[in-house]
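In structure tokens, one chain follows: the form predicted on its own.
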Amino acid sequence: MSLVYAGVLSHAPGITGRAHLVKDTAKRDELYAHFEQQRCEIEATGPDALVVIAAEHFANFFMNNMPAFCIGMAETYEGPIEDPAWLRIERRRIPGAPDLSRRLVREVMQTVDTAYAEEWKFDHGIMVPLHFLTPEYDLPVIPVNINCQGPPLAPLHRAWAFGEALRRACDSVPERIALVGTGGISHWPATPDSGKINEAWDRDFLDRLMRLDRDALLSYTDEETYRDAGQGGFEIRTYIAAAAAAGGPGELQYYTPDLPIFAVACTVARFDIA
């Protein structure tokens, strides 16, 4: 079994970019401590590469070419594509794993069509997780994007199938692979409702996710998600894909809606590898 770790975490730009403005610094530091715990858990599995399933924010893909799924195959990646002073993460190059990526892409494509990219500049959706999980940027990264921005979006059952395809691909290679899904749950970024959080909706979704209740997870419609969780709620696809890749129930290690300046409730969780 080559998938050695699977989990999820939040990636909002405010987690680093507005950290200095947080009034409840104890709550912020508690979140950071759980990120550090996740980093240690990943490191303990001895991974050869980290797969990051993220939602890209029109930094590389736009409406002239919006793949439902894309996997990176570059030697190196650069990030953040945003202003480093705004995100408070220094711009740098991140190592890739092109040979491993190519083998994963070939296997994924046996059941799910995916695009690939040999050029990719990371935005906050990947850079914020890497800032905490690979602070030395010395672990090769394989970026994976699910379109959560530009409708029509891939149906949730396709996100699940994509996660299962990633799992089969990971288990087909000898390398040890850690995998995280990163996104937000309910949030309304770049709107007048930015900072709003639907805690009840979040907790219901996380309950379904931790129980790995496939039918319940796939029962959401985009219309319901948009109404109850905002356009940012479409990023549940990254969490669903990570859960499907793991194949086992999860443990919610941290959730807090009490850092609204980050404009999303912050989550850290891990899954059993079935």
Partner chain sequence: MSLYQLQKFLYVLNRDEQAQRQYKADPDGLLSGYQLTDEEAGALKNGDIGLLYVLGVNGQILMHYAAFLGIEWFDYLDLMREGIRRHGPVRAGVYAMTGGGASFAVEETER
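Treat the numbers as computed from the prediction; the structure is a model and nothing was measured. Numbering follows the first chain given and starts at 1.
Not pictured, yet referred to below: the form predicted in complex with the partner chain.
Choose from 207-215, 43-51, 237-245, 22-30 the stretch whose residues reach within 4.5 Å of the partner chain in the predicted bound form, heavy atoms counted. In short, 22-30.
Going by a heavy atom distance of 4.5 Å, is Trp188 a contact of the partner chain in the predicted bound form? Yes, contact at 4.5 Å.
So, Glu82 and the partner chain: in the predicted bound form, are they within 4.5 Å at any heavy atom pair? Result yes; Glu82 sits at the interface with the partner chain in the predicted bound form.
Does any heavy atom of Arg91 come within 4.5 Å of a heavy atom of the partner chain in the predicted bound form? Contact check for Arg91: yes, within 4.5 Å of the partner chain in the predicted bound form.
Examine Arg103 and determine whether its closest non-hydrogen atom to the partner chain in the predicted bound form is within 4.5 angstroms. Because no heavy atom of Arg103 falls inside 4.5 Å of the partner chain in the predicted bound form, the answer is no.
Exactly one of His131, Arg158, Arg176, Lys121 has a non-hydrogen atom within 4.5 Å of the partner chain in the predicted bound form; which residue is it? The option sitting close enough to the partner is Lys121.
So which residues in 193-212, when you check the partner chain in the predicted bound form, have a heavy atom no farther than 4.5 Å from it? Residues within 4.5 Å: Asp193, Ser194, Gly195, Lys196.
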